[in-house]
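Below you will find one chain, with nothing else, as C-alpha cells; this is the form predicted on its own, and questions on how it binds or moves follow later.
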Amino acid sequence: MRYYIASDHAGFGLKNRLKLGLGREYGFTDLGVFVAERIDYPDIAIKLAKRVAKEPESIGTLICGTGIGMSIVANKVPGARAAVIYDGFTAKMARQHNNANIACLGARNISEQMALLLVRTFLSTTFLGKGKPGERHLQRVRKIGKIEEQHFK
C-alpha cells in the first residue's frame, strides 16, 4: 500500500512533524508543498486526490488550516473519498464505514499529538465492507460510486 501526504502553507509544519513521527512506520510519499510560502490549497488537494483515486490501494493525508478546503477539493475527484477527521472516532469511522481513502486534517485546530493519533488510526483501520456483516457499508460506498458516474462525466 502507498501512503501519500501533502499540505498547503498552513499545514506545512504539521505535515513535516507527521512525517517525522510516522515516516518509519508508513513511508509517506510527500507530494508537497516543500516550503512554507503561500499556495492555494486546491492545487495541492487535486494532485493528491488524483493519485489516490488512480491507485486504489493507496491512502492519502491532506493538511490545511482546517482540513475543510482540502476535503472539498479532493471529493471532486471520482474515486477519492476524503473525510475531515478531528478525533479518534471520526478517524476510525471514516475508514470502517465510508472506506475513506484520504484523511484531511486542520493544522490550526488540532495538536501535533492528536494529528499523530488520528493519522495512525486512519492508516491502521480497515474498511468493514468485506464479508456479510459489512455488506451495508459496501452497498453505500457503491452508491457513492454510482453518484460519481452520473455527475462526473
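Start at 1 and count along the sequence shown; that's the residue number. Predicted, not measured: the structure shown is a model, and the values here were computed from it.
Just so you know, the form predicted in complex with ligand RB5 exists too; it's not on screen, but the next bit is about it.
S.K.: Which of 62-70, 47-55, 81-89, 28-36 has heavy atoms within 4.5 Å of ligand RB5 in the predicted complex?
M.R.: Result for this chain: 62-70.
S.K.: Give a yes/no on whether Tyr41 approaches ligand RB5 to within 4.5 Å in the predicted complex, heavy atoms considered.
M.R.: Although ligand RB5 is absent here, Tyr41 would touch it in the predicted complex, with heavy atoms inside 4.5 Å.
S.K.: Can you work out whether His9 and ligand RB5 are in contact in the predicted complex, taking contact to mean some heavy atom pair no more than 4.5 Å apart?
M.R.: Contact check for His9: yes, within 4.5 Å of ligand RB5 in the predicted complex.
S.K.: With the partner left out of view, is Arg108 within 4.5 angstroms of ligand RB5 in the predicted complex by any non-hydrogen atom?
M.R.: It does: once ligand RB5 is placed as it appears in the predicted complex, Arg108 has a heavy atom within 4.5 Å of it.
S.K.: If you look in the predicted complex, which residues in 11-36 sit within 4.5 Å of ligand RB5 (heavy atoms)?
M.R.: Result: empty, none.
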